[in-house]
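This document starts with one chain, in the form predicted alone, laid out as structure tokens.
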Amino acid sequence: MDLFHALSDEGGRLSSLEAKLAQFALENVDFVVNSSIIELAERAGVSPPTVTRFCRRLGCQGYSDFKVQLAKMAYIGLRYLKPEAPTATAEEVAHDIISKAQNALFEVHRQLDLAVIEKAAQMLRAADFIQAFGASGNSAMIVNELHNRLFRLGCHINASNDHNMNLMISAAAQPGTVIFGSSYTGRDMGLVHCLELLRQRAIPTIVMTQNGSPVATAADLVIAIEMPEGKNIFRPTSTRYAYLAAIDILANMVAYADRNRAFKSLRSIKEELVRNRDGDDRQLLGD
């Protein structure tokens, strides 16, 4: 049963009184879940029989079943029932996106444990090989960006975005390998399984995730990042900017941990780009 769409009455099946009840239920989820049928009828300005017919019209067995289904619907979060009113113009959207990105950068600067960043950089620089695990879109982007940043510094690194591949890599990892994992929520149980396996095999692990989460608990070193998401479900997550900034800080520290090695690799890459693509040295190191 998709109760939310039934309450939204996109097909126009509900009577005027039932539509009134549906709107009331969507706007007062907590009250309805905790009220009796008489209390709801009085508050919504309808009769108890109207409430009963309404519940059955929605596909529920009765009022009690309706309250159970409504509670389940609310479990995913009220912002997915009553989303924040979207901004209307390109100017408003641009301001919203950029201000949230700025806030994310300010917050990550405030909360990052720089001693942990420094330790992580030393671990990555000393590794014979780095495996970076991420999945589910955002974390896949983060580990791909770590690969993009570190290979040019002379690090041997591979990024994997597939849970089954991550598991096989974990099972085959050899001493000298360091594993880096990314999980915005810290609830990626596939990554948790890999980290637990790696711990059993004494392979060191670093994760970028929420502190105290299952992923954080399973790792050796945690770069903790926690960002409030707000109510606008249509806006891309601003947490990405915090993670990208943390990756840039980490990569810069890796470069400084062995400047000669990083310099040699960067110069070699730039020489090929100037010779074969740019014609001068003013362009980016990449594309």
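Definition used throughout: the rigid core is the maximal C-alpha set that superposes within 1.5 Å between two forms. Treat the numbers as computed from the prediction; the structure is a model and nothing was measured. All residue numbers refer to positions in the sequence shown, first residue = 1.
Just so you know, the form predicted together with the DNA exists too; it's not on screen, but the next bit is about it.
Interface residue remark: Tyr63 is counted as part of the site for the DNA in the predicted complex, having a heavy atom within 4.5 Å. In the predicted complex, the DNA lies farther than 4.5 Å from every heavy atom of Ser268. The DNA is not drawn, but in the predicted complex it has no heavy atom within 4.5 Å of Ile249.
Not displayed here, the DNA is kept clear of Arg240 by more than 4.5 Å at the level of heavy atoms in the predicted complex. Judged by heavy atoms within 4.5 Å of the DNA in the predicted complex, the contact stretch among the candidates 249-257, 49-57, 217-225, 23-31 is 49-57.
Annotation for 21-38: interface residues with the DNA in the predicted complex are Ser36, Ile37, Ile38 [heavy atom within 4.5 Å]. For Ala262, the Cα coordinates differ by under 2 angstroms between the shown form and the other one after the core has been superposed.
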